[in-house]
Ligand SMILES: Nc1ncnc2c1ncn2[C@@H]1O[C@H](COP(=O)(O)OP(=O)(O)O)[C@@H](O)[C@H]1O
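Next up: a single chain in structure tokens, the form predicted alone.
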Amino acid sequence: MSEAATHSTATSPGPQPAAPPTPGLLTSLEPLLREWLPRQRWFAGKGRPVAGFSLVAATELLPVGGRPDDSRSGGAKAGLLHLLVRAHQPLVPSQGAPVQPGDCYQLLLGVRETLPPHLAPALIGHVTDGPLAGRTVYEALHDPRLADVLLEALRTQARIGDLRCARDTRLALPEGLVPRLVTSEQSNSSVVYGDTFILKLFRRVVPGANPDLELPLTLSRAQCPRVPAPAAWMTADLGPATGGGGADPETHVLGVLQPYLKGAADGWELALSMLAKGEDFTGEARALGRATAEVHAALAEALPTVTLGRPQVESLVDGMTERLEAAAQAVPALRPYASGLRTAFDALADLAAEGHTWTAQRIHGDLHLGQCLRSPIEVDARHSGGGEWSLIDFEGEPSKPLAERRMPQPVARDVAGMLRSFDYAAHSLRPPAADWASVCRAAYCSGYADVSGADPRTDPVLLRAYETDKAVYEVVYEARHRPDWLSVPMAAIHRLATDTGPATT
């Protein structure tokens, strides 16, 4: 992609393993993938049967015939297959519903004759026929030797089949960094190398510039210290012959390697810990508001901004209203509040009709406490003005189309997401700590104003609309996935359906 070219291009190609035995490969793996894939946290088609798969691309990163492995894998032989596989599912889970090609998933499969005991949790299954007959297939990221292969490909800027690795050559990528898989639930997969770098591998792959590479590269060039700069990245150039769908090959971003902030605290976990201890979090909230404003300012300086007038705002309001109506159909508890919630969107449309305009720019797109890292004190000392908070994961909401995630939007959307996150933290206690949420929300907005010069609360109609839209989304998510948490967004729904602005003070 163009952003990659600004730093470096691959020099001499890396090792070129022979093409994998693709005839019959997917057919032999399909029974295993039908059972294993829907159980993964990052599989988007839950609740709908998998009718079949199609192979988009297959690359042998380590020969499946194997070679003697190092001591960490017990001297066994292991192969590594990189697959891009499209799952075919009906649009609705009813019998006889039409089946359509669905999401494309990135799979990294280890192949062995037998699986050592320490890799038992990674088991996918045993292949009975086809080119891998008699072999055991497993999730490769659990295997340190195979995770090493990925880092080496990035370090050497390898080109293997359709895969392309590039890096920022200003950053050293040493050999011998011990890998470990991040086991917490994520919508993607991450591997930490020697507490120095973290590799994020995107599981759902789409063509185009992934904002989780595009925006950190942009912020790196703008010398914004609030976002870890990409050190290396992996892409695939796929054309019509390999499932890209267009006349010319399209770039698909597969993974991004960034510095690992050792000792950094996850913003969500930090907030919960301080809340449980009764400690004041307003200073952290205010600092986080300043960090958010710094990132927004850097993005607005580096990338184009647009003005949203009446047509654009009416389109925005229509989308919010449609999501509310669909949510009310899906979650009966929301229906009594629908008319009150709709006033938040109508008020925004009324302002646009009166001639009000808003500036839109590139933003984070899915901002909450879990997307923020608080660095330890010894790291803070290197930054002037208090550089303790970093923002990560600029992918946006993976369920939304890439084009929508890359659209300029008002910064109020990010602010609303963070305000909702404070509410979630407060409601983790019983009874909920409503006052804690209120003072943190106010401190965050004040910190934002310290840097931007504009307090988000001075535009209450826009902020209420975005917070309402976010709370409606949360209601649907919790009703489907975590019914025990439904009371959290419903508390906000009750407030937003009756208030004229977000409760930030």
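It should be emphasised that the depicted structure is a prediction, and the values quoted were computed from it without experimental measurement. The numbering used is simple: start at 1 and walk along the sequence shown.
The following text describes the form predicted in complex with the named molecule, which does not appear among the structures shown.
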For this session: Verify the contact flag for residue 362: yes if a non-hydrogen atom of it lies within 4.5 Å of a non-hydrogen atom of the named molecule in the predicted complex, no if not.
Result: no
Exercise. Wondering, does residue 216 line up within 4.5 Å of the named molecule in the predicted complex on heavy atoms?
Worked result: no
Exercise. Closest heavy atom of residue 392 to the named molecule in the predicted complex, within 4.5 Å or not?
Worked result: yes
Problem set entry | Contact flag, residue 179 vs the named molecule in the predicted complex, heavy atom cut 4.5 Å | no
For this session: Pick the stretch from 196-204, 126-134, 78-86, 100-108 whose residues have a heavy atom within 4.5 Å of the named molecule in the predicted complex.
Result: 196-204
For this session: Report the residue, out of 258, 220, 235, 409, that has at least one non-hydrogen atom within 4.5 angstroms of the named molecule in the predicted complex.
Result: 258
Seminar exercise, completed: Of 312, 157, 375, 188, the only residue with a heavy atom within 4.5 Å of the named molecule in the predicted complex is 188
Exercise. Counting only heavy atoms, which residues in 203-230 are within 4.5 Å of the named molecule in the predicted complex?
Worked result: 228
